[in-house]
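Just one chain follows, in the form predicted alone, and it is written as structure tokens.
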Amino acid sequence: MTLVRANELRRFNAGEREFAFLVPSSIVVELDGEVRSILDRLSDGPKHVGELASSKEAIEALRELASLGAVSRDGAPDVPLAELASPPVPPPLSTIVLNVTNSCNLSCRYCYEYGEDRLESPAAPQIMDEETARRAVDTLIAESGHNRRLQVTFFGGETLLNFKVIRPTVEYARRRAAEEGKFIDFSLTTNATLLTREISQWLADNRIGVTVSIDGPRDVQDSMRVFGRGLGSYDVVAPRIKELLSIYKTRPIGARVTLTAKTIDVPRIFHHLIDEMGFYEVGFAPVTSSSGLDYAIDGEGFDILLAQFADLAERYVDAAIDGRYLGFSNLSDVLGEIHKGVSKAYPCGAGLGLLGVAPGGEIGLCHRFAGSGDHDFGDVHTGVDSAKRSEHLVKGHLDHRTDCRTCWVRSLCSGGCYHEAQVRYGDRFRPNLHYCDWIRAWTSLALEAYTRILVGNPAFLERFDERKVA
């Protein structure tokens, strides 16, 4: 007789109801009635079908569990991740990030371009010219295959130092996309120091997605985000951001915060950026750095960060059940992945559907690697090095990350940021082991938040049906 076993899953409670996170597929299912009974009986090992399902209801429950991948015939191969089957051939591109300059008018100490954790010696200041930007757009379209919706992101250095190239590049890209029957959306990240009323109006008129890099209230912002002579930048950027937010009403504008050991105060930063400045949402990113630096987040710092995220997640859930959106984008991103059952073989889109371009035209894994010598994947003038891209996809695949293959959050994490691994361990394919416990705890917290919203106001989760997930 056929033996049935339970596949890898993680059971958890949300209030008085019990759920399971199916590890290979990232699907969340509620456990009740026959479903719970079957999984209880399988908790100590495989059982014959007859022991599990003797009634019509039990047979239906067993079939449902099998269709979800929660159970399978004993001896069958492990359920693979959805994307594991086809890594060798590079997929079509959907996104290209243009580093339109590597220069910046700020001297943030933690900057990966000019700070203490840069991959290479500081490069001479470079500005991307129009011809290189046009060729980058041509590369995106040429490598996009069947993808109809494409994305161009402008990045830096400080992106607006090269605004004169951004405007004609947008016009060129729109014309080329129309010729090819495609659509290109645009986004831009800026430190806001060079925003003018004219630029803000142009961004609004052209519906360019904008993310502002800002770390919080004046004392927080001025502790790290300073001009060359150490002068803080808050008083320069605050009025420009307020003007941008007053002009640009048709697309949400988000803030991106770099947290350091010196500035972990999520509640106060969130309150300032959402309630006092008017951003739609805020995303927090722990600083990417070597250990031992006085601003690096390690050990106790991650515990503090998790506790602060938990408090903010509690507010998020309360608001969601009440039908309101609280702009905590870190949680929204994870909820979107859980809702869609995203199962990743790679930690992000870098090298997969996304590439970065350095000011001189060198193509890299993403904007953080572009122009970093051995990490380059070709050039916009000569084309993408597909062989090198394929090699990256093979080495970066979750199947080749020994430390990740048995982790229960692997389908959502897949090893973490390549750049951080390069900085910490000198190898971008190494998992970021220094915060694995933190990722597992954060994922547990997100799963509980998801199921509480699912029970309290399932309609709120419909917003993630269309939300783009990397």
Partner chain sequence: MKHLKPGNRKAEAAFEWLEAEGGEVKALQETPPHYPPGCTTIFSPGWEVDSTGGTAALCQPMERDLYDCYKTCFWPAQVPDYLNNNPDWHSGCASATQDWRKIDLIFP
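Residue numbers count along the first chain shown, from 1. Throughout, rigid core stands for the largest set of C-alpha atoms superposing within 1.5 Å between the two forms. Predicted model only: the values in this text are computed from it and were never measured.
There is another form of this protein, the form predicted in complex with its partner chain, and it is not shown here; the text below is about that form.
Contact check at 4.5 Å (heavy atoms) against its partner chain in the predicted complex: none of P92, L150 and A358 pass. Remark: of stretches 398-406, 41-49, 416-424, 64-72, the one touching its partner chain in the predicted complex is 64-72 (heavy atom within 4.5 Å). In terms of contact with its partner chain in the predicted complex, the residue from K340, K242, K164, H381 that brings a heavy atom within 4.5 Å is K340. Within 4.5 Å of some heavy atom of its partner chain in the predicted complex lies at least one heavy atom of S25. Taking the partner from the other structure, its partner chain in the predicted complex has a heavy atom within 4.5 Å of a heavy atom of V35.
Under a 4.5 angstroms non-hydrogen atom cutoff, its partner chain in the predicted complex lacks A14 among its neighbouring residues. Its partner chain in the predicted complex comes within 4.5 Å of a heavy atom belonging to L454. Residues are counted as partner-facing when one of their heavy atoms sits within 4.5 Å of its partner chain in the predicted complex; in 433-462 these are Y450, L454, E462, in sequence order. After superposition on the rigid core, the Cα of A255 moves by less than 2 Å between this form and the one not shown. Relative to the superposed core, I166 undergoes a C-alpha shift smaller than 2 Å between this form and the one not shown. In the core-superposed comparison between this form and the one not shown, the C-alpha atom of L365 has shifted by less than 2 angstroms.
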